[in-house]
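The chain below stands alone, shown as structure tokens; this is the form predicted on its own.
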Amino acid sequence: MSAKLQQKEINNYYKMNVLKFGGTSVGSAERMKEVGKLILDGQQKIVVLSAMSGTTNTLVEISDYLYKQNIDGAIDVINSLEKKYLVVIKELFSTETYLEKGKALIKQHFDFLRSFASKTKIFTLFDEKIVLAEGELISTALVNDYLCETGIKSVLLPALDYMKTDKNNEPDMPFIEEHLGRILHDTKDAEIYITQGYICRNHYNEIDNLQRGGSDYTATIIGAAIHANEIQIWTDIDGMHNNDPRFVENTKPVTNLHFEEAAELAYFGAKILHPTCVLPAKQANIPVRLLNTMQPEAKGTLISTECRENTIEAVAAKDGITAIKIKSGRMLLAYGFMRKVFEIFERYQTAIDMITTSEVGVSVSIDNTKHLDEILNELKMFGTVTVDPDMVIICVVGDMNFENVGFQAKVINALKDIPIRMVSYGGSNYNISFLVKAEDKKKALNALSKHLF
């Protein structure tokens, strides 16, 4: 079957939903069983799972011991994690057959982890990525076996057989569509497909991971590859809220968001979704729904191409920001000045969040200070440089078209009692961003909530 015919078949027969469940949602045997109930509605679907909550952090800890060649430390942590999984399988499976199968599965994976604890072997970054993949491989195998034990025709889709990135570390969509299509064609009688989030193979066919957005990213890539009806991201929060509930009381989930609005909120602090995850769904025009496993009846948030006109939707905050101001008399009418400034940040692979300019200077904000000293040293060749650390970006998202008279004033008026270091407006039709001191963050979020909602 050719790749084009495979894709045509996917379009015709596999137009289903893709559901992603995070680590908390599969954090115990009880939660795994609840996920089983949520996905069994008679509709064929692909279910993307993260590692059990806490597992990836523990695998990072194991890797750290292995890097340091502390074999005893690594073995202790591996054995401790194995015991937790043995408790899980006792609670998950009800028949002797699947209990023994579960024990064999756990032994296989943890013997594999112990194989890295060799005193003669140098632990590498390549090894670490293989170790980190174990969390998703175990969780998906357990849930798949549980579904099979209950009589569901569930099939495990090995992500390492179809999820691949290209030489630029971006999803290799032609490869993904072809190989995923072949697996779906060969197993088209399945009721449920279970697959791993986060993990993939890179351009060199090595085991790797998607990093940005992890399992959410996997779900939207799969959704785009099969032209899904809908992509559902299930977490322990009932959608994207209109403000940060950790600092503001009585926040509410936003019912509908445009792709751009969701990306802005995600980038500027809304932890429920990574901004990168939105892109595959946006490009394929597939709606993304954010839902709560603890409250499955809640509406959640629907992200699509629809935008509610004349509406301010939400506020988010991004911590750990450093502002840099470059003041130079030579900037006035100086051709190439901005290019030279930006080349410095590019050289040190440091992204800029906000930027404002004037006749005699430019201010930018960054969240990565790894090469701050080197950047400042080079910037001083072009002018006087000042730095403001411990800043926060406050982002107000909604229909911010400049023709919506009064919206900008309403937002700025809400912050009238708070010192504002920078304002960014006009780069997007969906947000206004403010840079304030970290100590003013809570006050700013509450003021905006009071005035806007």
Ligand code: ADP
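Throughout, rigid core stands for the largest set of C-alpha atoms superposing within 1.5 Å between the two forms. In this text, residue numbers run from 1 along the sequence as written. If you're wondering where the values come from, they're calculated on a predicted model, not measured in any experiment.
Just so you know, the form predicted together with ligand ADP exists too; it's not on screen, but the next bit is about it.
Proximity of Met240 to ligand ADP in the predicted bound form falls within the 4.5 Å heavy atom cutoff. In the predicted bound form, at least one heavy atom of Thr24 sits within 4.5 Å of a heavy atom of ligand ADP. Ligand ADP in the predicted bound form comes within 4.5 Å of no heavy atom belonging to Pro158. Ligand ADP is not drawn, but in the predicted bound form it has a heavy atom within 4.5 Å of Trp234.
Among Asp244, Glu178, Glu230, Glu82, the residue placing a heavy atom within 4.5 Å of ligand ADP in the predicted bound form is Asp244. The contact with ligand ADP in the predicted bound form, taken as any heavy atom within 4.5 Å, belongs to Ile272 out of Leu302, Leu372, Met173, Ile272. Judged by heavy atoms within 4.5 Å of ligand ADP in the predicted bound form, the contact stretch among the candidates 122-130, 84-92, 245-253, 180-188 is 245-253.
With a cut-off of 2 Å and the rigid core superposed, Ala224 has a Cα displacement that falls short of the cut-off between this form and the one not shown. Superposition of the core reveals a Cα shift of 2 Å or more for Ala316 between this form and the one not shown.
A displacement of 2 angstroms or greater separates the C-alpha positions of Cys395 between this form and the one not shown, with the rigid core held in common.
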